[in-house]
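Okay, so here's just one chain, in structure tokens, the form predicted on its own.
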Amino acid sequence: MEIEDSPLLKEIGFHSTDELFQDVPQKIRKKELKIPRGISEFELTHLSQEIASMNRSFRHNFLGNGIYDRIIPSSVDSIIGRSEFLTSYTPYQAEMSQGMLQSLFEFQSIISDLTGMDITNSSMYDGFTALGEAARMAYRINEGSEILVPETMYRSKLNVLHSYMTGLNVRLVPYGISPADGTIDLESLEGKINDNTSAIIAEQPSSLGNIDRNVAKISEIKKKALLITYYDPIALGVLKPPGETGSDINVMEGQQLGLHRNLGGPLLGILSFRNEFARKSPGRIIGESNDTQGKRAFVMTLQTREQHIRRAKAMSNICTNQALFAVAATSYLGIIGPSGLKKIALKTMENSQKLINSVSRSKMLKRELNGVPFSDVILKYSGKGDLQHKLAESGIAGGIELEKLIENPHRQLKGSVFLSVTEKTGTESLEALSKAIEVIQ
């Protein structure tokens, strides 16, 4: 709806709503909502609900690639819905915030136990920005001018890294990923490592969805460079933790640990590292101490942000954390326990294989990548048109094109699509997918 001559628009320097939203591409704008002027709040709400009801709904979900639809115990929402957590923010007054401080301390402890790392800070914004903070942290430690990244890293993740490196004399240098099984090409990686290498970033599972056995071998060839690993936290139910495979800094996206998808955010960044790098870490670390009466007390042990110390000495300008979601992750992991996490990881892998089997009869989709997939399964699509739109007609969400996520993939992988599963993926959904593909043929 175009509004002109609005006092508010004039106040902020615009003449119309079209001018206000000029950064939004024309092709995705709704041309006319037909909302009458001057209607009441009740009428506007009712009309908005009618418009929203026109949205297409999906009965079966095969979307993933970083945000996953997992089973969340109802007790998680119950815990973080309590006013003590829901209304809490950064606990500046320790004497007023012992409950939140203890919860964040427990978050750090349980994540450090999960990852096998020495220290975890009290959370970051999301996985991608946490990776950017990890890269800057590595630069502060050894000041190398190059950071090696997988050539198949998602474009969106790479863009965030580029943004975080702005202002530093650091180049992001890609290294090879085998198009045969999606694992790190160790020969390619070793050839890129030199005295200027600040860090090596490795993903587990890889961006192509497979569990990468070569991540554990990087510590043998990394020389003075730091190893930054980006792990799927659910995969740690079946994989060796990064602390046991030579990681210096580990990053995770915590959305899968008790957070709903929420249309893609907000999320939970998790950052863990070796003890000797604590003074170079961003954010804050919660510690345990004793009060003046000798009782157990929790405090902010380390605060390295610019608001707390001299700006030039700050490790980061990250000004908050995801405290509520850190509590959610702590609750989730505490509820399911180690055995539950292992069962969820194994069920996910089982469903990945079922997905491959369910589409194996199709001539349109073929599994060409060798190796063991975790949640994201990459399949070569030989049909015409956009598979994602075709599946949507059958009420199925999924089939994202590889080229939409990864810049310049290997020639043999071009034309591939992603279908993703979790422990939640049921037989009904797999059968619906199989039938939909048969119709496409």
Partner chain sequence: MTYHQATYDEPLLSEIHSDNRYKVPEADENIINLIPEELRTDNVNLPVIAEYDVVRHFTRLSQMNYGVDLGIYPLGSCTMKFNPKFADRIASMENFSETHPLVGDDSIQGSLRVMYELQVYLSELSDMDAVTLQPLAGAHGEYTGILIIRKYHESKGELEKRREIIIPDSAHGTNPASAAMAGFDVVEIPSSPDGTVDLDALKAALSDRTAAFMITNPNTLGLFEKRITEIAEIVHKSGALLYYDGANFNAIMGITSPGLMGFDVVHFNLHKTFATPHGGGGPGSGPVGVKKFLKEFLPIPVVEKSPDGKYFLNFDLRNTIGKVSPYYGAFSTILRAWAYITYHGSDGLTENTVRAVLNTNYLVSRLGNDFKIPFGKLKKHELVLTTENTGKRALDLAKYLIDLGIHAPTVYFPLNVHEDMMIEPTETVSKRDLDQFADALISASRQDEESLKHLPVNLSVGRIDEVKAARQLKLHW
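Throughout, rigid core stands for the largest set of C-alpha atoms superposing within 1.5 Å between the two forms. Everything numeric here is computed off the predicted structure, so don't read it as measured data. Positions refer to the first chain, counted from 1.
If you look for the form predicted together with its partner chain, you will not find it shown, but the lines that follow are about it.
Contact here is defined as any heavy atom lying within 4.5 Å of its partner chain in the predicted complex, and by that definition each of Ser53, Asn159 and Asp212 is a contact residue.
Mapping the unseen interface onto this chain, Tyr175 falls outside it, with no heavy atom inside 4.5 Å of its partner chain in the predicted complex.
Not displayed here, its partner chain is approached by Arg296 to within 4.5 Å at the level of heavy atoms in the predicted complex. Though the partner is left out of this view, Lys222 does not reach within 4.5 Å of its partner chain in the predicted complex, counting heavy atoms only. Within this chain, Thr320 lines the site of its partner chain in the predicted complex, having a heavy atom no more than 4.5 Å away. The chain is drawn here without its partner chain; in the predicted complex, the stretch among 187-195, 141-149, 360-368, 99-107 whose residues come within 4.5 Å of it by any heavy atom is 99-107. Only one of the listed residues (Gly237, Pro205, Gly283, Gly243) places a non-hydrogen atom within 4.5 angstroms of its partner chain in the predicted complex, and that residue is Gly237. Only one of the listed residues (Val170, Ile218, Met153, Ile119) places a non-hydrogen atom within 4.5 angstroms of its partner chain in the predicted complex, and that residue is Ile119. Residues of 128-144 placing a heavy atom within 4.5 Å of its partner chain in the predicted complex, in sequence order: Phe128, Thr129, Glu133, Arg136.
Once you line up the core between this form and the one not shown, the Cα of Ile39 ends up 2 Å or more from where it was. Once the rigid core is overlaid between this form and the one not shown, Gln26 counts among the residues whose Cα shifts by 2 Å or more.
Superposition of the core reveals a Cα shift of less than 2 Å for Lys424 between this form and the one not shown. In the predicted complex, the CA atoms of Ile51 and Tyr68 come closer by at least 3 angstroms compared with the shown structure. Between Phe128 and Val24, the Cα spacing is larger in the predicted complex than in the shown form, differing by no less than 3 Å.
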